[in-house]
Ligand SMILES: Cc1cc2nc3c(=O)[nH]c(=O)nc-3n(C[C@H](O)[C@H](O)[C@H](O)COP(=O)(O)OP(=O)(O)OC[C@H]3O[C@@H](n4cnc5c(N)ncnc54)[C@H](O)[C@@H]3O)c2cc1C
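Only one chain comes next, encoded as structure tokens, the form predicted alone.
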Amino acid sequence: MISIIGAGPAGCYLGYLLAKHGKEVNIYEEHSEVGKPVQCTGIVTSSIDKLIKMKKEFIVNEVKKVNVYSPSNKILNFKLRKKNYVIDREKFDKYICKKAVEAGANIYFNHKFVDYKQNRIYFDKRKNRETDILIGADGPSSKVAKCKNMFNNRKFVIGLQARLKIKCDRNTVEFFLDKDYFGWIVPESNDIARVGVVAKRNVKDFFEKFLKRINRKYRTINYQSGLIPIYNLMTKTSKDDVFLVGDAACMVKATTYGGIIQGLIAARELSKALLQYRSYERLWKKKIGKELKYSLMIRKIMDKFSNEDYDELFSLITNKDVKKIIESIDRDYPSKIIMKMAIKQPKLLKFAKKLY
């Protein structure tokens, strides 16, 4: 018996892959339904096509361009050569969950994980259950990680987002850089967008500051917020018969704080590890370890940027060859972008000094 705590994309995708190969799988979700509450911006690159067959039912929009703004509102424009999907996270999550159930996995709602001892799972106000293998797909505050001393000293940022009635270009996603926060406008249509910020502290203050910065009339539809884990090279993702995947394992890009695709890839590699008796740590690190490491390196550099540094960076990236590289390579693979950019524009290497 394999038990998965958490019915998000990573947990359900893993359940689907294992059940499809004849494994007995139970998925436990603490909420009463899948996909709620929504705590994600929901924009993914076309890399997801290699993992999940995308359906019109959960694709809200496809963006074709990116505008990136410096703190002084200098603009860099990029055309996306590959698709970027804006998805309905609730429908997306339910789609993957349905696939898991159809493959033979069992799902149990309103099961709040409390502890795990001697192959027995303890739930709050629910019957305890036995299992052979336990998977923590239970998000950034993973109780599975805590119960096996794998939580360690992990750090977080806070994301705050609102769906707004606001004027925007449905073809263009906008990213806003600042020494204190990272902001975005992700369009669902020409008049509805997901607008938000990520910050280490005072996220509400920076969100208000960001709304003033974009200076557009808007009407709030609803709010969403949540913790986002920062990837840590020292994070353990397996111990004895317990494994972590997705946000529970801090598998999030430190550059844009997205982790849907990374969680799905890790779930796929964990299924291989369990089915083929291979090392999970080696498998997932081979697929996404380098990219998570590079995204963390970039974030550490950017965290030391002044607003003037951003302006200088923008002036260097206006180089046509550099822009062409950024447009042609998926942002889920920063290692490929960095190397090629440095060759075309060696002056970019000066920023690497900030690591030390």
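Small disclaimer: the values here were computed from a predicted structure and weren't measured. Quick note: we count residues from 1 along the sequence shown, nothing fancier.
This protein has a second form, the form predicted in complex with this ligand, left out of what is shown; the following refers to that one.
Using a 4.5 angstroms threshold between heavy atoms, K99 stays clear of this ligand in the predicted complex.
Contact annotation: N307 falls outside 4.5 Å of this ligand in the predicted complex, judged by heavy atom distances.
The shortest heavy atom separation between A10 and this ligand in the predicted complex is within 4.5 Å. Looking at S46, you'd find every heavy atom of it more than 4.5 angstroms from this ligand in the predicted complex.
Partner proximity in the predicted complex, defined as non-hydrogen atoms within 4.5 angstroms of this ligand, places exactly one of 209 to 217, 132 to 140, 165 to 173, 72 to 80 at the interface: 132 to 140.
A single residue from the set V252, I265, A105, A193 has any heavy atom within 4.5 angstroms of this ligand in the predicted complex; that residue is V252.
Of the listed positions (H111, K94, R154, K148), a single one reaches within 4.5 angstroms of this ligand by any non-hydrogen atom in the predicted complex, namely H111. Heavy atoms closer than or equal to 4.5 Å to this ligand in the predicted complex belong, across 13 to 43, to the residues Y28, E29, E30, H31, Q39, C40, T41, G42, I43, ordered by sequence position.
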